[in-house]
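One chain comes next, on its own, written as structure tokens: the form predicted alone.
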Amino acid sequence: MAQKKLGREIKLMKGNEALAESAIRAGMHAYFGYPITPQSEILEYLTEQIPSRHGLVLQAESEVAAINMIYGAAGAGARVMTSSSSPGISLMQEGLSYIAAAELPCVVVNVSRGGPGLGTIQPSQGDYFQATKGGGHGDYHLIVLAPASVQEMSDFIFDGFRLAEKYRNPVMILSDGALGQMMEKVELQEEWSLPYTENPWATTGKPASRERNIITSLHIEVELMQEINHRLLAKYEQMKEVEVRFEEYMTNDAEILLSGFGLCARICQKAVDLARAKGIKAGLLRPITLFPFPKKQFAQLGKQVKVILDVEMNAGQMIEDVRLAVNGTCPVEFLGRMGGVIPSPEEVLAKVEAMAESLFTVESGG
């Protein structure tokens, strides 16, 4: 049964359903998508709820069609969202590049699964490169938010629309199959609590008072294309200055720093607790925005700690950004699981204990 707290509703919900409910509450005008496990509940929930509430939901004939519907609706000034899982997101990459170049706001949700290829329906973090480096062609970036709980699956929808509309840029919520399927208590934000922004650039019809609005990613003149690229790069630099989000846990006196995003951050936090109980000074730095990445925070802590352990559900992707950020000030080790396997806190702890023993041996001259 739902409860009320300060005007907000508290429910026990699955991550995918909490995200979908929050999209409705955030005033989403339209959703276009295609079913794929483990995110199909988003489309199913919206299909059930939208007819009695507000907005439009349409199951497209493919992921390629869905992202191009997003392109068109965003160009008309609508608040729009799509979702998929790893192989489906791959099919959307050309359209995402077009949308980024046309400077249109939208939210894209990736409830990622193990790969490469069709892989497995189990959770993975193997889409980090694709999400943060621009998975399509050209020089562009998405803002990437990495939730670590059902609550954040809900909240990041509101944050995603805010950021997308502030920067006229696509925002990706990079989740995984475990977060999409797990059930937790979630405090839902109030419906209609996210104001709409003015969109004078939208293609909503031409009044006599202004010139035509033209939205395109095609620019034949090389000088103009270069100018647009410079404008996009300036926008990304602004994001790096003001939109970096991260969470620190027991880092004040940490000697061993764990790094992880999303589900792995939760696992690492438990491992930190277990390590502290054994007298090991461990801490955690969790990136919340994967782009823009918290480089300054890693650089600062890299000068304080003796070693960093990066934990990911992939073969080692975010670790490249961690190593670039610390710039050789301390060693960075890796613990990774692939193919849908989730590391346990005890597995991470065992690695931390081995690292702590190695540090003690070196310091004691043994």
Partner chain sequence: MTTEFSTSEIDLVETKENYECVYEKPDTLTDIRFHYCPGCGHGTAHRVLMEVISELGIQEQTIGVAPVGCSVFAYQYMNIDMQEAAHGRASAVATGIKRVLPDKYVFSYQGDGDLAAIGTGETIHTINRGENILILFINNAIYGMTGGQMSPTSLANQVTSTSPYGRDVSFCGNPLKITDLIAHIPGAYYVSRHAVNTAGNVRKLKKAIKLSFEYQKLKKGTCFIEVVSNCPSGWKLSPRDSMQWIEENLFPIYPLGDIKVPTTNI
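Positions refer to the first chain, counted from 1. The shown structure was predicted, so the numbers you read here are calculated from the model rather than taken from an experiment.
Another form, the form predicted together with its partner chain, is not on view; read the next lines as being about it.
A heavy atom within 4.5 Å of its partner chain in the model of the complex is found for one listed residue only; from Tyr140, Phe291, Tyr98, Phe156, this is Tyr98.
Checked against its partner chain in the model of the complex, the residues Lys235, Lys296, Arg276, Lys206 give one hit for a heavy atom within 4.5 Å, which is Lys206.
Taking non-hydrogen atoms only, Leu56 approaches its partner chain to within 4.5 angstroms in the model of the complex. Put simply, Ile319 is far from its partner chain in the model of the complex: not one heavy atom of it is within 4.5 Å. A residue is said to contact a partner when one of its heavy atoms sits within 4.5 Å of a partner heavy atom; Leu218 meets this definition for its partner chain in the model of the complex. For Ala78, a non-hydrogen atom is located within 4.5 Å of its partner chain in the model of the complex, even though that partner is not displayed.
Only one of 29 to 37, 320 to 328, 334 to 342, 296 to 304 places residue heavy atoms within 4.5 angstroms of its partner chain in the model of the complex, namely 29 to 37. Residues are counted as partner-facing when one of their heavy atoms sits within 4.5 Å of its partner chain in the model of the complex; in 67 to 89 these are Asn68, Met69, Tyr71, Gly72, Ala73, Gly75, Ala76, Ala78, in sequence order.
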